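Take a look at this one chain, the form predicted on its own, written out in structure tokens.
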Amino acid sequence: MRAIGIILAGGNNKKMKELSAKRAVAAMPMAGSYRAIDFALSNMTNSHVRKVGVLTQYNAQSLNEHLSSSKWWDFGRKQGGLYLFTPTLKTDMTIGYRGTADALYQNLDFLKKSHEPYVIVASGDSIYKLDYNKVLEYHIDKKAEITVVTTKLPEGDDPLRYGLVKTDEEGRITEFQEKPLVAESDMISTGIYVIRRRLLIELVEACIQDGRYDLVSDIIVRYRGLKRVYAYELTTYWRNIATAESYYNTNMDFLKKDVRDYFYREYPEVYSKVDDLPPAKYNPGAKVSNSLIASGSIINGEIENSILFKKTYVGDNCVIKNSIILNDVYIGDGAYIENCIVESRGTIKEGARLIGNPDDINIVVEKNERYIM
């Protein structure tokens, strides 16, 4: 592959509410057994991108632990590898990244010491499959200087939290508005970009010298009229999970057979760090319908249209409907949970009733002491 990869995974997103209080959005559990960043990493390795840098910052401990061994995504190799970059104290006393362009600038040596001619920049908070080779071929064929991967706005999603794009007949971007107040297009940027490595270095250095720090607003949008910026349309499944609502809805999409088969059964695969856990155990009386139950879980109650992550315990006579239960949650006997996201390592007391609204999902953070007999 003639490109290196960079995954931006350091942002702090308050739209995730309590869910991002202790972890980066890229570290959010997905679809029972994955983390959000697994999808971008899998796309990199499946596209034969052998050298990938992950830029982390906010609440990075969980993400760093997940990425502690690169072998799961086949980056444990002599040539290339997986590199983690966190903000460090520099001589100018800058602490933390001031934006995505500044994150690239503070790690510019990674780009300068590489030899591949192109860079693929992706975000760590989107769920999709994509062969980056096809984007690179398009980029070269169009003689583009920057290529932006775009897609149609997912049904029911808020267009105003994306960059909205308009193109001409050749696919060249004529308008690019980052999170505008009024939506004038249903074509959105996915946060995936292809750019020549030396050009990216040049633009990032100029951006910082001008006191600007954002990759999208201060480089891609700003240079849209001066550089040949093209759009490559992604027509398969793509979702961004950067709000609590989109996180819930994206997980629930995996209860649909076509989405589940696309990610679980169709080549190429999505890879993740594997825990040494036993398969889920269903005790007598357990009832499960249209749900995903991860390994290490013990089920005694009734589960319907829900996703239960690893090491979840569901007590006797429990009912869980249309909910997401994150890792290592203990649910006491007789509890009723509907339209909720239960935070990891929580303890739901016996007989508790937790009910949210389909349009306003209840995020439950319970840290009660556990009494397991």
Partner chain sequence: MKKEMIAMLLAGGQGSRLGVLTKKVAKPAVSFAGKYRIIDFPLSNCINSGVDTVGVLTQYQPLRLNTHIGIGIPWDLDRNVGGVTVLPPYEKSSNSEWYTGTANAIYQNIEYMEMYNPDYVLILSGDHIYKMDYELMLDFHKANNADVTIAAMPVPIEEASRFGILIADEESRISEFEEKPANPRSNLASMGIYIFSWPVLKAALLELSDEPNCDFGKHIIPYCFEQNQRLFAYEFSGYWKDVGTLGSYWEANMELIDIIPIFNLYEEFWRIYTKNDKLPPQYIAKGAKVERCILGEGAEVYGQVFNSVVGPGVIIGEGTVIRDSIIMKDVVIGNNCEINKAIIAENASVGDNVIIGIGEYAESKLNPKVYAFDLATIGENSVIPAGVKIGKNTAISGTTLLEDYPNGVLESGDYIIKAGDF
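Residue numbers count along the first chain shown, from 1. Quick caveat: nothing in here was measured; it's all calculated off a predicted structure.
The form predicted in complex with the partner chain exists for this protein as well; it is not shown, and the discussion that follows is about that form.
Residues G32, R260 and S291 are all found to lie within 4.5 Å of the partner chain in the model of the complex, as judged by heavy atom distances. The closest non-hydrogen atom of G296 lies within 4.5 Å of the partner chain in the model of the complex. Mapping the unseen interface onto this chain, L181 falls outside it, with no heavy atom inside 4.5 Å of the partner chain in the model of the complex. Using a 4.5 Å cutoff between non-hydrogen atoms, S272 counts as a contact of the partner chain in the model of the complex. Among heavy atoms of I208, none comes within 4.5 Å of the partner chain in the model of the complex. Residues within 4.5 angstroms of the partner chain in the model of the complex, judged by any non-hydrogen atom, belong to 250-258 and to none of the other stretches in 168-176, 250-258, 217-225, 148-156. In terms of contact with the partner chain in the model of the complex, the residue from D276, D141, D109, E266 that brings a heavy atom within 4.5 Å is D276. In summary, among the residues I188, L136, A242, A286, the only one with a non-hydrogen atom within 4.5 Å of the partner chain in the model of the complex is A286.
Residues of 117-150 that come within 4.5 Å of the partner chain in the model of the complex, judged by any heavy atom, do not exist; none qualify.
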